[in-house]
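Only one chain is shown below, in structure tokens, and it's the form predicted alone.
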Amino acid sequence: MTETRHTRLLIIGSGPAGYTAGVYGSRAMLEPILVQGIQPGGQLTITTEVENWPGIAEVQGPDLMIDMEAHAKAAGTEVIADHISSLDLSKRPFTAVGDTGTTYTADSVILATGAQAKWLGMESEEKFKGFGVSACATCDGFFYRGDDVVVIGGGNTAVEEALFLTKFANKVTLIHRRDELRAEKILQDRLMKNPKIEPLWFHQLDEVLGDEDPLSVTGVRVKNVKTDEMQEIPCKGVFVAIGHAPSNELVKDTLETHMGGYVVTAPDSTATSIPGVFAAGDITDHIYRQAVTSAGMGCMAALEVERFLSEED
């Protein structure tokens, strides 16, 4: 039997933004409901060492998110293991429907659905996804012990993935279409000093190569972006690390977006183009994309919800 739940504040998403919004929403006596989504804890659950969370020199990503969930619950947030499949923002109360069949109605909504890995969109990439092609080194790196692997990209994500893979792989080739990285300087320094990592500059992936039976990766074909010369690199794993795209499926047709799908918020605010709907974290942040800034926006969103509902009352 389907169930309908009403709340003053519905939080959709369970990364640093969502859980922080839960803490502050609870402290405002809003008795929020937080729906976790298909990846409880968000991107930090597929991260290993987190070294830039204030007050903790180093913590494992999954452990940090377990603590944040426990904090939100202790503060009074009702955390529900469900995934919102549809969201109606055309009238209030807003209505969301979960995969469990539960309907949630809410006087206000905080969107904290985060972001997901980007793909290159190549046919061979799609063919070998899960069979040698991955977007998550911390998820799949263990399977490539003693093997050669390649990483595609040049930002923080790519460098972090490459460094992590050196724990298992024999050799990591970092393929980048330029001759300089966009990653933080400290990460670049670590990469350049790691004897297991070999950067391949001015190249891009042309095709993932592999066997049919069983389906498995045997190498990649890459192209020199200056000369168009092709070369093949033997490897067992291909890690695509070209960044993330906002998880905006619920609102891309109803809220104003920009910069490739990030939800637009008012200046110095988390308010979206629909009154009563707020956005926090990577779904709106195309600049910083850090756990600590996401948490800060979760705080802002909850405080703005409290003000919005108080003024309405």
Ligand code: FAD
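Residue numbers run from 1 along the displayed sequence. Being a predicted model, the structure only gives us computed values, none of them experimental.
As for the form predicted in complex with this ligand, it is not shown, yet the points below apply to it.
- Only one segment in the set 22-30, 267-275, 42-50, 252-260 has any non-hydrogen atom within 4.5 angstroms of this ligand in the predicted complex, and it is 42-50.
- The closest non-hydrogen atom of I84 lies within 4.5 Å of this ligand in the predicted complex.
- In the predicted complex, this ligand stays beyond 4.5 Å of every heavy atom belonging to T166.
- Among heavy atoms of A112, some come within 4.5 Å of this ligand in the predicted complex.
- Put simply, V292 is close to this ligand in the predicted complex: some heavy atom of it is within 4.5 Å.
- Of the residues in 14-32, those that come within 4.5 Å of this ligand in the predicted complex through at least one heavy atom are, in sequence order, S14, G15, P16, A17, G18.
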